[in-house]
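Taking the form predicted alone, here's one chain by itself in structure tokens.
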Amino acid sequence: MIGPRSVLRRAFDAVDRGLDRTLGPSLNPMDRLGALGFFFYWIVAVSGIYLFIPFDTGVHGAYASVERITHAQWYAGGVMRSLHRYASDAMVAAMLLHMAREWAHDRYRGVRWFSWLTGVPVLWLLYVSGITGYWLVWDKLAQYVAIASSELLDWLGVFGEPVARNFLAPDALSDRFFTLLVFMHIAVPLFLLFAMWIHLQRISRPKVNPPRALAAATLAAMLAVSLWRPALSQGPADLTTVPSEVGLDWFYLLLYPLIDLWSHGWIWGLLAAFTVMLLAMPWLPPFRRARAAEVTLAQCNGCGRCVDDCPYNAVTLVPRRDGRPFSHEAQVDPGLCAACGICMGACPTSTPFRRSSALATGIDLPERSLTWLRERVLAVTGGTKSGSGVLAFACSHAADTGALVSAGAGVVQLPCVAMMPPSLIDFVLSRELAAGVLVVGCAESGCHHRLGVAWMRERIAGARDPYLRARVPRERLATVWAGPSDAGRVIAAHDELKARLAGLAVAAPARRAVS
């Protein structure tokens, strides 16, 4: 039975692949949702500062000042107001898509619980920031939002006097209270920025800035929308009347129609239940974590490659404890380790060429050790020089490799393709265990362990240690980066490699005959 997560994952994967083909993996906005969220935040901050300078913080002058900003200086203030509005909406869209995508790809549990958990207050702070912003315009929509919000808050009974009393009559709302609302709209986004910073603390090399081309195209699109459909007020607020009809911003005010239909207790119950559900999701259902990577001091010289390559900041260098002539040693925090194996693939001692049956490496996975990996390769290939087919090293989060097995290829599944040290490719080809090697990793714009595809590409290209040795025949090696919906590309890459290998087999006797 296909569940909602599988359906959503396939949908996201299909969108990702389409954007990869049209824009290229580096400019795929779906893979830069977090960075775009930060980008939208800065657009909102800059435009907000611009708008605040001529804004009248008094209740009697607020609406008029916003109208002057919007119309008297439409080419600057008006555009800035529209940018402020649309960037705020875009930030909500980016955050909700980001959360849905991480859930669909199962990237919110295990060691990633911290990022998910801290994302929940980020979400609510973002909504509070936007809702308080609507109060300041002090038009009919602001009046509706302010009264509905204050009545909802009054139900909690946490304030000494009902907040809604400030909106009973025109003379009840003072400039002092209105200035308090202005302060809230400035203070809450600052807390939001701090929460966003905390959100990234357990992530190595977080993407907080989108590529320049993507940022420029996004800003240009938002400017075009701002000129085409500028943000406008909905008439001045009038506390002597009740607004009969207002246009809602459905990104921020989706819940407000329910406030008119349901009791305030039900609304708070819904919000509380939704928040608790979000907070509990990383542990529902219980997640079995693989054992964390372990360091073997006798093989570790403190080079720091595992530290540089870890996507989760789980490996650090600490002062040496065993008296060997090295200044540092690697240390793994089990609470942060995702058991992806990238650190093992980065270790210079991870080589399968040793004759010892137990391959000791500087850092290794207890459940997927280098010894296990070599034995798995020998088991799949038969361990003899008669290998004439293709051996595929495939990430378990990439495209399904069932068709490869049906096509006669050997497949070794890995938690992450970057777990494989490049020397393993050398081992397979130099020992003639297979005629060719196919490396199957996640799609470039959707690597499950964030950096695995990038590190593997650089190692094969000789741009990152440990790199693939020059003696390895590149014509016998192929790589394909494919998501769950890209099984066809994997088969195509396999068939292309098989055809190339067949051509090499035909050419080899001819070269020997000539010589």
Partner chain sequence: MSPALRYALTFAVMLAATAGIAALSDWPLYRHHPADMAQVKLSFSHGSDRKAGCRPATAEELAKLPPNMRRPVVCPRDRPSVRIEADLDGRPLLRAEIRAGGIAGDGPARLYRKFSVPAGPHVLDLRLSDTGRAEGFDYTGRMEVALAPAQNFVVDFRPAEGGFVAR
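Just so we're clear, the structure is a prediction, and the values are computed from it rather than from any experiment. Positions refer to the first chain, counted from 1.
Separately, the form predicted in complex with its partner chain exists; it is not shown, and the next lines address it.
You can rule out all but one of 156-164, 319-327, 271-279, 73-81: in the predicted complex, only 156-164 has residues with a heavy atom within 4.5 Å of its partner chain. Taking non-hydrogen atoms only, residue 240 approaches its partner chain to within 4.5 angstroms in the predicted complex. Contact check for residue 169: a non-hydrogen atom falls within 4.5 Å of its partner chain in the predicted complex. In the predicted complex, its partner chain sits within 4.5 Å of a heavy atom belonging to residue 218.
In the predicted complex, its partner chain sits beyond 4.5 Å of every heavy atom of residue 491. Shown without its partner, this chain lists 198, 213, 227, 290 as candidates; in the predicted complex, only 213 has a non-hydrogen atom within 4.5 angstroms of its partner chain. Contact with its partner chain in the predicted complex, judged by any heavy atom within 4.5 Å, is made by just one of 43, 487, 27, 51: 27. Of the residues in 5-19, only 19 comes within 4.5 Å of its partner chain in the predicted complex through at least one heavy atom.
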